[in-house]
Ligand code: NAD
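The chain below stands alone and is given in structure tokens; this is the form predicted alone.
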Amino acid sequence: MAKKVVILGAGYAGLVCALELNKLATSQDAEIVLVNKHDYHQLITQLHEPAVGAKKQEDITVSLNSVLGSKPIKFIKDTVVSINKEQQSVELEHSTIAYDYLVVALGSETEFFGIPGLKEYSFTMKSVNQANRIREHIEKCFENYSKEKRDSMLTFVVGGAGFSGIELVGELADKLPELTAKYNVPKDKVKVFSVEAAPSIMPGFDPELVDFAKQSLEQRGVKFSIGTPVVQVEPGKVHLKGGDIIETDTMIWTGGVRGVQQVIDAGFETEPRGRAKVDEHMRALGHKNVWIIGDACFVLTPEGRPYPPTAQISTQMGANAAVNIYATMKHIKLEKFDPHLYGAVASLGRKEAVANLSPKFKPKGWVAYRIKDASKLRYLSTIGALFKK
């Protein structure tokens, strides 16, 4: 009798897991059920583009029905409420579903680090819908400036200078001049701040690439506050350590991730930020039939550092989970999660990027931008969505 495999979340990890398991298992082996709250797959690594209006929603989403096609994967559009490990069931908003094997790939939530007012008075960028809200808000700021003439309306603060923060700042630096022309706003009134608590931007990138990125963004008017934590946010103001205050109507927070509440509430073992601890086969500790993958889990590199929450790690986790679910069904040896790291590419806007690919290959500028574009196309090809929407 076929085992029921329920996969929660159709992000990078969950979708790849479903597609790879479908390749391995027959319908006699497994009944695959994919649950997602939207009927589309989001290219989360591209969210900075619709957030400023550089791309439309349809440019960074793919219909799940078009990807799944006639494959024997049942898709349920619903929201996960809770997981009951003892009863081996998942409560959704509109139904309850039982499982033999469970894959939790629900992504992550934003970490606000307990900073007063940060959650209440900042935008976050974890989904297409949130990116759309940012875009609409920015447009409104420009549209209403001619009536209200408040400088804080044209001051934009991005908290966190990792991947997401720097890519968003780059797109902002490109898009804002267009908006000044569209709404007849003086260019010198527009300010973009990148605020980072760490001593450097873009952790993990070589210093020469960091310098190139910083110079490129500064040339377009971005002001950096490095080594300067945000200590409080209130309506119209961002307070920095040291006493500086930035008056702004727009605070966008990209500074950290934590585990999803459903994993915490279910009682899986987690690290302090709520990400699930897993074994070398990506199974939740103490559970032989539950895999927790993608940003929802916490995995250390051989050097003892956490793997970053990136798409390339998530997709490899999804593939590994599929192999190990099939191996469990067939009572054969499981595969240890041992990812291949392809390097990192961060876009800077205006068709520029920096790429940390190997000790001898660190392209920057237009070449790196084309590499990032190629990685997106390669991923779409992997999930069979290169020519689908």
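In case it trips you up, residue 1 is the first one in the sequence shown, and so on. What you are looking at is a predicted structure, and each value in this text was computed from that prediction instead of being measured.
The following text describes the form predicted together with the named molecule, which does not appear among the structures shown.
- Heavy atoms within 4.5 Å of the named molecule in the model of the complex are found in one stretch of 254 to 262, 297 to 305, 90 to 98, 211 to 219, which is 254 to 262.
- Not one of Glu49, Ala54 and Thr124 comes within 4.5 Å of the named molecule in the model of the complex, counting any heavy atom.
- In summary, among the residues Ala173, Ile313, Ile134, Val195, the only one with a non-hydrogen atom within 4.5 Å of the named molecule in the model of the complex is Val195.
- Although the partner is absent from this view, Thr248 stays clear of the named molecule in the model of the complex, with no non-hydrogen atom inside 4.5 angstroms.
- Though the partner is left out of this view, Ser164 does reach within 4.5 Å of the named molecule in the model of the complex, counting heavy atoms only.
- Heavy atoms of Pro229 reach within 4.5 Å of the named molecule in the model of the complex, making it an interface residue.
- Taking non-hydrogen atoms only, Ala353 never approaches the named molecule to within 4.5 angstroms in the model of the complex.
- Taking the named molecule as positioned in the model of the complex, the residues of 339 to 354 that bring a heavy atom within 4.5 Å of it are, in sequence order, Val345, Ala346.
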